[in-house]
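Consider the single chain below, provided in structure tokens and representing the form predicted on its own.
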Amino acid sequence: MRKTTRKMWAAAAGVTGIALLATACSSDAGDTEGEDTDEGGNITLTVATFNEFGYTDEMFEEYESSHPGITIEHKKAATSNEARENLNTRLAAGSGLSDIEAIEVDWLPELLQYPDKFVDLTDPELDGRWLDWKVAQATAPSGELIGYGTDIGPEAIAYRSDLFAAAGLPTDRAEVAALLSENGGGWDQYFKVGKQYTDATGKPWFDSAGAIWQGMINQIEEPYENPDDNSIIAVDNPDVKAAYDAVVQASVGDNLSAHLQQWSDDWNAKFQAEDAFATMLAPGWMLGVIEGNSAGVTGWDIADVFPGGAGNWGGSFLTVPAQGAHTEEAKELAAWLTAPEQQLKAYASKGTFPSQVEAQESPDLLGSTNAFFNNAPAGEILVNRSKGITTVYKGPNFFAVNDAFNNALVEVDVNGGDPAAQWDAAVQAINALG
């Protein structure tokens, strides 16, 4: 019988470094958690995801019905970092991975260095299914396609209309978009309105410095690495330093932050607190997270606007580790899960915006509304927000560099650390990457 489990990978993984792969022993294909074949030849395929991908029991049951002899077990890690730790450790060990492993775009580049650890998913029949840049993100320099795209993360602004009303701000989503678009619609305007809100209410404007950092970095074309040779340029990049200073000023200088670390228990609880934050950066996949943490809370809405123009936060891929015992069956399941029909179902379930060309043109998507967000035309808004997205160069050190800056901002925003000292700590950590 198929089941969904939530794994606490970190305890089992213990070690997080992708460097493990460089020194890993040779793998023994077939020694995986997904190796489960009974005497009748029936097999169990394991699918490991994290956060919310929108895959439902009904979707898996549909696949099982059309593929007799296959049972699907869905494992869901709490966070992307947790999933990464598990994958890196078990990939290095050569065993223990699921038949299908979901990978987030920020740590995909480090795995592209090891395409032999994954099944090449190239399939001429699937040419043209995805946006070109989505395919390029999962293609190794040597040409192997190691992941099928699931979603992308065009960003809008989610806001609490009830909290806006209490602060004397407009509540209508078009008026909110117009307000945040004034003066060029950049981050300065977002922070300016936030200061107006916080001055009037004494409550936080956004949830965390880390979230704002992610939104700003995802608009810098080459933030951390030189695409010519992958040398790290992050600490000398004036755009990166300017973003750090702006996030620090807004978060602690102007006290616009709720001073929380995203994905922490305190962050989860704050959605329902009296002094909850009024806005969040909202890629499509975040809509399901907001709704999931806001049971009983009313007033959330979505504005068709984003500071600084278009931005993409996140988006994931389904890979098939080469160590698996049922790689052909896993490849077929991964292709099915990332087909336009299934991605539209995932979008309807959790708001994960599809990366498939056909799905993005679907009337079902364009006409979709989200009842939790005051019946906002979420499909139309996210399609609009997807226009103008430019890809950010992410090399093999992107995740590690971004993690160093995020750690610094957590210390500043959540723990009251000195901004200059934490910048220096991040620089030291980044320089240690080589």
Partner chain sequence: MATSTKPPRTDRRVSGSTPRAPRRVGFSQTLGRWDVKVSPYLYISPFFLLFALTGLFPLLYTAYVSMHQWHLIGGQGEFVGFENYAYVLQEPNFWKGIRNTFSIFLISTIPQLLIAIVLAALLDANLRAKTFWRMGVLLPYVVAPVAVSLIFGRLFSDQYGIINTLLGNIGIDPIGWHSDILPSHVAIASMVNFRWTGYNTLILLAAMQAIPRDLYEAAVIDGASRVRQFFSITVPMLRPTIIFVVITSTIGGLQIFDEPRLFDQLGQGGPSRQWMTATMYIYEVGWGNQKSFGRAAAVAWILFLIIIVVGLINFSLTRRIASETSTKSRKKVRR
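All values derive from a computational prediction rather than experimental measurement. Positions refer to the first chain, counted from 1.
Just so you know, the form predicted in complex with its partner chain exists too; it's not on screen, but the next bit is about it.
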- [ ] From the candidate stretches 374-382, 402-410, 54-62, 387-395, select the single one in contact with its partner chain in the predicted bound form, where contact means a heavy atom within 4.5 Å.
- [x] 402-410
- [ ] Counting non-hydrogen atoms within 4.5 angstroms of its partner chain in the predicted bound form, say which of 81, 342, 312, 327 makes the cut.
- [x] 81
Open item on the list: By the heavy atom within 4.5 Å rule, which residue out of 304, 291, 110, 104 makes contact with its partner chain in the predicted bound form?
Closed with: 110
Open item on the list: Is it the case in the predicted bound form that 88, 265 and 415 each bring at least one heavy atom within 4.5 Å of its partner chain?
Closed with: yes
TODO: May I ask you to state whether residue 178 is within 4.5 Å of its partner chain in the predicted bound form, using heavy atom distances?
DONE: no
TODO: Flag residue 269 as yes or no: does it have a non-hydrogen atom within 4.5 angstroms of any non-hydrogen atom of its partner chain in the predicted bound form?
DONE: yes
- [ ] Verify the contact flag for residue 336: yes if a non-hydrogen atom of it lies within 4.5 Å of a non-hydrogen atom of its partner chain in the predicted bound form, no if not.
- [x] no
Task: Partner contact for residue 166 in the predicted bound form: its partner chain, 4.5 angstroms, heavy atom - done: no
Task: Residues of 413-433 having any heavy atom within 4.5 Å of its partner chain in the predicted bound form, listed in sequence order - done: 415, 422, 428, 432, 433
